[in-house]
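Have a look below at one chain only, the form predicted alone, in structure tokens format.
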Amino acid sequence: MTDKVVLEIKDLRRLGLSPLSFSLSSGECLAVQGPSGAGKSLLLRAIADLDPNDGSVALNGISRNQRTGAQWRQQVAYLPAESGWWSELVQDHFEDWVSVRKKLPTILMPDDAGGWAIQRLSTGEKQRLALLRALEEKPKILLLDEPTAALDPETTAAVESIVSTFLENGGSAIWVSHDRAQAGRMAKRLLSLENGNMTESTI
């Protein structure tokens, strides 16, 4: 990890959250924890600019306001707890399925998964495929909302490995996880949210 700040958030405000300020460095994963309803998903959605919010959010020194919503979310990719799927087949949701297909072993899925109907997928399979879909856009930041909540230990390890590689290559992540052990594996800093208020600590 380098000390270069890539994401800087100052006085981020939205309904359900008190003003929050923190930064994220290149190659860093920041863990977020808190009880249900504490505002963890609200925080990620506010950073992704999916809900009305105020304050300053900048990527590599350039304000979010200087980009369209689509441009921002290509660089700052949000993976919700329940991913969206709009076409019949898995492969229809990717721009370059030939390239993505080669990465299916990294998420422990067979190479014929592109022809599967979306209805066939389990929640965990959707989560893993949604991660590959986000990475296809080559984002700078991943906003991860419990990406391994529906996974067994083996597939959880696979997802952690993919994100670790992303971090090693200079990407950064904010990872909401209920698992303290996972937070310790993936991050060195922890944001704790409760009733919309934040405290920061080291892990």
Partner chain sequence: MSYIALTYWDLAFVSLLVLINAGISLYLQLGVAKKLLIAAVRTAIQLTLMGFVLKALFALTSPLWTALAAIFMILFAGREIMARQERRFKGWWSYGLGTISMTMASFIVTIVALTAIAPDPWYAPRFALPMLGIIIGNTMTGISLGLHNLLEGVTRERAAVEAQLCLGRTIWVATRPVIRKALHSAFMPIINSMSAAGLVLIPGMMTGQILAGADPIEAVKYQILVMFVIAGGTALGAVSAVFGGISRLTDARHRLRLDRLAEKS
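The structure displayed is predicted, hence computed values, not measured ones. Residue numbers count along the first chain shown, from 1.
Absent from the display: the form predicted together with the partner chain. The rest refers to it.
Enquirer: Which of these stretches, 23-31, 156-164, 134-142, 174-182, has heavy atoms within 4.5 Å of the partner chain in the predicted bound form?
Expert: That would be 134-142.
Enquirer: May I ask you to state whether residue 65 is within 4.5 Å of the partner chain in the predicted bound form, using heavy atom distances?
Expert: Although the partner chain is absent here, residue 65 would touch it in the predicted bound form, with heavy atoms inside 4.5 Å.
Enquirer: Even though the partner chain is not shown here, does residue 61 get within 4.5 Å of it in the predicted bound form, heavy atoms only?
Expert: Judged by the heavy-atom cut-off of 4.5 Å, residue 61 is well away from the partner chain in the predicted bound form.
Enquirer: Quick check on residue 50: any heavy atom within 4.5 Å of the partner chain in the predicted bound form?
Expert: Yes, residue 50 lies within 4.5 Å of the partner chain in the predicted bound form.
Enquirer: In the predicted bound form, does residue 84 have a heavy atom within 4.5 Å of the partner chain?
Expert: Yes, residue 84 is a contact residue.
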